[in-house]
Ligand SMILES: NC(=O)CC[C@H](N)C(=O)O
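Okay, so here's just one chain, in structure tokens, the form predicted alone.
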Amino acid sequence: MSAYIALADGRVVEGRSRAPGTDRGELVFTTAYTGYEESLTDPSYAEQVLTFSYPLIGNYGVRSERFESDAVTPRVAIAREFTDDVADWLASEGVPAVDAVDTRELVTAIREQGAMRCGVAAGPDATPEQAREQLDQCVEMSDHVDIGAQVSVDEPQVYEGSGPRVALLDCGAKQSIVDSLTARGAEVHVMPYDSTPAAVAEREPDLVFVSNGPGDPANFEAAGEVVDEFAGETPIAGICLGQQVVARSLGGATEKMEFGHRGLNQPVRDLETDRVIMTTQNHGYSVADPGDLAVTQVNVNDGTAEGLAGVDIDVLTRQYHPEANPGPHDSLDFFDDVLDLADCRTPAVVSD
């Protein structure tokens, strides 16, 4: 069965349909060669079309215990070759899948022109015109103003623990973040992305944690209001989108990257120790101005901010994913550091 990918630059790329359907999104790529189950269930890929640069996806099957959420979140998946296990999984989830594509061509287009809108049509009756129709309906990532509602919990969820109480604002949180906190004894209250400061205060948190998530951090205003209210009173942490939200709330600014950072091999340098670690990343926006915070870590390749800290107000954030599964695990001590902050402070009281 045929498949067609209509790109915003006017090209239409032909491939093979492995799971039928039509859809659209921002075309991005990941360099990860393992962890395809984690990538395909990462909520940060909402409203995107995920291209794998590694040529064979599915060589160790599909196991639900590796999932980061309960659904496949990219709108479409593309690879040079999908195994039957992955293709059948994507079909069962209703997610179009395309392979037999020269993914080098797609990756090169993204590297040279930036992440771009695209439309996809796959299946026995697919046509290039259908793919172009999907492209015409595709909007920019910053225009997905309600994207948080797609990936967040509707009601608070509590994971019991005997340690510090963490209010985790779920802007699209990976399950591995919750697991990393609970493994250290934390009591984790997963809160909807649009929770009010008063709702968070009712949980009497020792730590406010803003999660990863998809899209433009400017569209997560409620999470920013929580940061504003608790900053200086309760320790605050953030990962990925969470770093961006925290920075914006504390006088900083963010910007759209040309093609983002996505993969398992992003080198990060700590400015205090001069140590370089390898990290997993998945984001299309970055912190352009840290505001009241200090940049503590930078990306070796392009110098973008990878870590921020506010010593006087107990703020610690990372742009990359310290909880990364299947790895690397160079930065797991981040969770120890933020929980140490929580042990040193008393919860804030926020009035209505």
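The first residue of the sequence shown is number 1, and the count goes up from there. All figures in this text were calculated on a predicted structure; none of them were measured in a lab.
Just so it is clear, the following notes concern the form predicted together with the named molecule, a form of the same protein that is not shown.
Remark: C240 counts among the residues lining the named molecule in the predicted bound form, judged by a heavy atom distance of 4.5 Å or less. When contacts are judged by a 4.5 Å heavy atom cut-off, S249 does not count as touching the named molecule in the predicted bound form. Though the partner is left out of this view, Q297 does not reach within 4.5 Å of the named molecule in the predicted bound form, counting heavy atoms only. For the chain shown alone, G284 is a contact residue for the named molecule in the predicted bound form, at least one non-hydrogen atom being within 4.5 angstroms.
Just one of G119, P74, P214, P205 comes within 4.5 Å of the named molecule in the predicted bound form, counting any heavy atom, and that one is P214. Screening 225 to 233, 105 to 113, 276 to 284, 178 to 186 for residues having heavy atoms within 4.5 Å of the named molecule in the predicted bound form returns a single hit, 276 to 284. Although the named molecule is not shown here, in the predicted bound form the stretch 18 to 54 places heavy atoms of just one residue, S44, within 4.5 Å of it.
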